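Next up: just one chain, as structure tokens, the form predicted alone.
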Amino acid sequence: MAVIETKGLTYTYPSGTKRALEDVSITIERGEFVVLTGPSGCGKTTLCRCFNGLVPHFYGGKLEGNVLVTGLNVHEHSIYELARHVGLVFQNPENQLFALSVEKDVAFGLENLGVPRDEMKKRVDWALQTTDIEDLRERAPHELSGGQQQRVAIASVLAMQPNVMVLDEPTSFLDPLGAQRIFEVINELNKNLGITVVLVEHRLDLAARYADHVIIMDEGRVMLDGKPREIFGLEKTRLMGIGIPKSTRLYQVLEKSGVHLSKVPITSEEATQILKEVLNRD
């Protein structure tokens, strides 16, 4: 069942002379982990803003085509209504955190929705436990590390219990180890709670292992849309300037050399296993 569906989506910002999105038609199924990637300025962030109504209700501009999110037409429903279904985690968590304590930040969205106090406490406790930051509840967000701040941002969205979580390059300020830990948290939310995840990300070496759907954009258009192995295995993907996983790049080099592998590897562990099979075969 589709949780997000766009048809002929075209959008131009109020001061823009060029379309930020052009004829974008995609379908994201409920419970999928989607990695959305592409060169800088290709329209990824703009597309995500369409999912929670920031486009067009906040940014204005001209929006054509249809955008349905959990069955709601974005044209007809406010940001407030869509926020009940779609949570957005920003690139820089400092833009999302402003309260004097972690607990108050996580509760902020629930207060805006008018959630009863007892229910609010349950949701905040659950979100803190789920993201493994319960011990930080009394800390001030500005005192935390980048990885801890990002977990707080995720918890604040998670407390709203959205059907869809959209994360716009949430690891861009983190080192590889911190990024991996955030990806693991997101993956657990997807697999254990069934939350649909749309992750905008360039670090495909780390993120690709969790994806079951990949969308690649360029100049406001969707260029490739499908399963990770199908998309990353294409020579066209590398030529587009996408930083495909190194294990997949190795696959492409070997294929060109006449060494045929049983499948396209996404992770280094898969590449190691496949290479062992090739060596034993020879």
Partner chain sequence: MIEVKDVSFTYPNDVEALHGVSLKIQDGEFVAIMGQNGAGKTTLVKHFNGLLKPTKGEVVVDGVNTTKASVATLSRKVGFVFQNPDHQLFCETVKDEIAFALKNFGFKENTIKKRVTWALNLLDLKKYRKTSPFMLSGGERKRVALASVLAWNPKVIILDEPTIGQDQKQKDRLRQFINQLITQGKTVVIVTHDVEFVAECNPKIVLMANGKILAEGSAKQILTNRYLLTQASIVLPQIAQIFTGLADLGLPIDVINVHEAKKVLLDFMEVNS
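Numbering follows the first chain given and starts at 1. The term rigid core refers to the most C-alpha atoms you can superpose between the two forms while keeping them within 1.5 Å. Values in this document were obtained by computation on a predicted structure and should not be read as measured data.
Just so you know, the form predicted in complex with its partner chain exists too; it's not on screen, but the next bit is about it.
Chemist: Only one of 38-46, 24-32, 224-232, 60-68 has heavy atoms within 4.5 Å of its partner chain in the predicted bound form; I'd like to know which.
Modeler: Looking at the other structure, the answer is 38-46.
Chemist: I'd like to know if N187 sits close to its partner chain in the predicted bound form, meaning any non-hydrogen atom pair within 4.5 angstroms.
Modeler: Answer no; every heavy atom of N187 is more than 4.5 Å from its partner chain in the predicted bound form.
Chemist: Decide whether K276 counts as a contact residue for its partner chain in the predicted bound form under a heavy atom distance cut-off of 4.5 Å.
Modeler: Residue-level check for K276: yes, a contact with its partner chain.
Chemist: Does G194 reach its partner chain in the predicted bound form, with heavy atoms at most 4.5 Å apart?
Modeler: Although its partner chain is absent here, G194 would stay clear of it in the predicted bound form, with no heavy atoms inside 4.5 Å.
Chemist: I'd like to know whether V264 contacts its partner chain in the predicted bound form, with contact meaning heavy atoms within 4.5 angstroms.
Modeler: Taking the distances in the predicted bound form, the answer for V264 is no, it never comes within 4.5 Å of its partner chain.
Chemist: Please state whether every one of the three residues H202, D205 and M240 places a non-hydrogen atom within 4.5 angstroms of its partner chain in the predicted bound form.
Modeler: Yes, the whole trio is in contact, each within 4.5 Å by some heavy atom.
Chemist: Does anything in 129-144 come within 4.5 Å of its partner chain in the predicted bound form by heavy atoms, and if so which residues, in order?
Modeler: The stretch does not touch the partner at all.
Chemist: Comparing between the shown form and the other one on the rigid core, is the C-alpha shift at Q148 2 Å or larger?
Modeler: Moves: yes, 2 Å or greater.
Chemist: When the rigid core is used for the superposition, does L136 move between the shown form and the other one (threshold: C-alpha shift of 2 Å or more)?
Modeler: Yes; L136 is a residue whose C-alpha shifts (by 2 Å or more) between the shown form and the other one when the cores are overlaid.
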